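In structure tokens, the next block holds one chain alone, the form predicted alone.
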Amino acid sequence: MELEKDSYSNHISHQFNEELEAIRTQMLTMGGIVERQVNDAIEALLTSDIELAEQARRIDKQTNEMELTIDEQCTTTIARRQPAASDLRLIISISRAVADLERIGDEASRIAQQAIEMSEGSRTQHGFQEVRHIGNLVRDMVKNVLTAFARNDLEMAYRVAKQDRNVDQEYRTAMRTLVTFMMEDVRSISNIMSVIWVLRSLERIGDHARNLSEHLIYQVSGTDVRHQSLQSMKKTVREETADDDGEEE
């Protein structure tokens, strides 16, 4: 009788692991879709490709639906399985991550909308160099944080969080430059304001990518590093990776 009970428990545990892996895979799939949406939106703006911009906007509906589906699965799993410790952290971090991914998709959709509107009027070159530069930075952040999630790579997650500081600095510098352009030529105000909204969306994408890195660090370490300094975050990552090295030895 004991053997039958043990076999049943093992079966349930195996099934639970499969459920967790399925949720995690769906989150990473959603991440890949959002990453493509960001890439398409930025390229559409830089190249005045309306078709690509429309494609980026259409993806937004798909990511919204994926967020609801994954979040419902997380809630159901918690209610049915009542997971503890690392399993619970995994589910919570995924639930938080899909919310940030959905918001990244929203910002990408806004950039795509700006691309469409700007292609219909006179196009200014002011700010496009900044858009390209900051756009490349945030694209790298999104790509790298998703890679970090796939590998449970805390060091990479920390580097993404650190890169957000560079994005913020570049954003502030770009704002000062664009305000100067508007003061020098009032006719450029309308076009430059559109570029400013794009840069604002890019800066927010960077913020959400940093949030994703924080969710991964929480998942692996159990330490909530939200609203903490980079120094505190780095300390958590170092302690966790040191523990891992000790276990391997």
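One rule holds for the numbers: they count along the sequence shown, beginning at 1. Note that this is a predicted model, so its numbers are computed, not measured.
Missing here is the form predicted in complex with a further copy of the same chain; even so, the following discussion is about that form.
Of the stretches 128 to 136, 144 to 152, 158 to 166, 171 to 179, only 171 to 179 has residues with a heavy atom within 4.5 Å of a further copy of the same chain in the predicted complex. For residue 196, a non-hydrogen atom is located within 4.5 Å of a further copy of the same chain in the predicted complex, even though that partner is not displayed.
a further copy of the same chain is not drawn, but in the predicted complex it has a heavy atom within 4.5 Å of residue 88. Under a 4.5 angstroms non-hydrogen atom cutoff, a further copy of the same chain in the predicted complex has residue 226 among its neighbouring residues. Contact annotation for residue 47: none of its heavy atoms lies within 4.5 Å of a further copy of the same chain in the predicted complex. Checking 26, 39, 190, 55 for any heavy atom within 4.5 Å of a further copy of the same chain in the predicted complex turns up a single hit: 190. Contacts between 45 to 79 and a further copy of the same chain, taken as any heavy atom within 4.5 Å in the predicted complex, involve 64, 67, 68, 71, 75, 78, 79.
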